[in-house]
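Let's start with one chain on its own, the form predicted on its own, as C-alpha cells.
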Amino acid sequence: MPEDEVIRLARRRQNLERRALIFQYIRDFFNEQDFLEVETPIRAPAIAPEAFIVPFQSEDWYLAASPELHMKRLLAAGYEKIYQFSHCFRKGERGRWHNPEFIMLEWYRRDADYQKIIEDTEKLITSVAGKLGFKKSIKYQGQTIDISLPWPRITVSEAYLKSAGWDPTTKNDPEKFDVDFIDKVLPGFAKDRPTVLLEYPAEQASLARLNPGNPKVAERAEVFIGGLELANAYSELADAAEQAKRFREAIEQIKNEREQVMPMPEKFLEAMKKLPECGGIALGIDRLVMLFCDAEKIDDVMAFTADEA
C-alpha cells in the first residue's frame, strides 16, 4: 500500500468513526418510530427518467440513481413506514459536494405529506446532533448554526422575489432559476439557521404532486444547512396517468438533449395504481456527515472517492 494512502486514510479515521455513529443514531431514530429498514435493488431494468440526472448503465440495465421507485412499490403493496440507506450512482457528479457514488437516506410515510416529512427531518437531525454531543447549535466552517426547532421556512416565490427580483412560479425559466439560485438566492439564506425552501414551480415537480389550492406550485421542499443542500422532500404524486405523462416528457427531453433512449418504468407505473397518499424524502448522508464533522469537502468523509477507488 502506498504511504500517501496510509496517511490519507489515517487522517480520515476520526470522521469515518463519526460517520459510523451517525448511521447508528439514524437507525435508532427510525427504529424507535417503528419504521422498517428495507433494501431494494441498486441495479434495475428501468429507473425514473430525469433530464438532469445521467445514470450509469450496467449491461442493458441501470445502476440506481435513487431507490425511490422500488420503495414506492413497497408502499403500494401495503407497507406503511419504511427507510433505507442506498448506494446511488450519477454520472458527471464530482466536486466539493459530489461523488458519482454516494449514500442516500430515503424514508416514506403512508398518510403523510411533505410538511410531515420535513418535521421528521427536523427531529432526525436534531436527535443525531444531540447524541453526538451538540446542544442547540453546531459549528460548520466557522459559522455557528442554531438548529433549534422549528426551522425557518420560505417559499420559492418569496425567496426569489426577495433575492432575485422575479417569481419562478409565474415565469418558467429553468436556466435563470439555476443561475439565480447559486448567485443570489442561496447566499441570501440566513447563515446561522437552517432554511426550508417550499413550493417549487410546477414544472419542477418531478415525482411530487401539485398543490390542490395552487397548481402553479408543487408540494416539494428542500433543506439547506450551512450552505449545504441536504434533502429533497415531496408529497408524493399518486396519479399514475399524470406520472406517465411526466415520464414521457422527460424521456423525450433526454432523447433530444443526450441522444439516449430511456425505458419507461412500467412496473412502477402499474404499482402506482395502488399507491396511497404518502410523503417521502431523499437526504444525502455524505453531506450530513460533512456537516457534523465540519468537513469542507465530501472527500473528507468517505474512505474512497471515485478518484481513489
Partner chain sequence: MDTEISGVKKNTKLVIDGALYNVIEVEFTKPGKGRSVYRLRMQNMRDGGVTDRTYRSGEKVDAASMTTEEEQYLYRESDQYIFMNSKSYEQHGISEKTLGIKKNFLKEGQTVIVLMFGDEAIDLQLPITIDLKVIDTETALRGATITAQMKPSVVETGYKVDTPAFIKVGDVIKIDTRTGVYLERVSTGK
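Computed from a prediction, not measured in an experiment: that's the story for all the values here. Numbering follows the first chain given and starts at 1.
Although it is not shown, the form predicted together with the partner chain is what the next lines describe.
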query	finding
Option touching the partner chain, based on a heavy atom within 4.5 Å in the predicted bound form, out of Trp97, Trp151, Tyr140, Phe189	Trp97
Contacting member of Gly78, Gly133, Pro212, Gly92, with respect to the partner chain in the predicted bound form [4.5 Å, heavy atom]	Gly92
Heavy atom distance at most 4.5 Å to the partner chain in the predicted bound form, all of Phe52, Glu175 and Ile182	yes
Among 163 to 171, 119 to 127, 232 to 240, 142 to 150, the region lying within 4.5 Å of the partner chain in the predicted bound form by heavy atom distance	232 to 240
Contact flag, Ser157 vs the partner chain in the predicted bound form, heavy atom cut 4.5 Å	no
Residue contact check: Thr195 to the partner chain in the predicted bound form, 4.5 Å heavy atom	no
The partner chain contact at Arg220 in the predicted bound form, heavy atom, 4.5 Å	yes
Contact test in the predicted bound form: Glu257 vs the partner chain, heavy atoms, 4.5 Å	yes
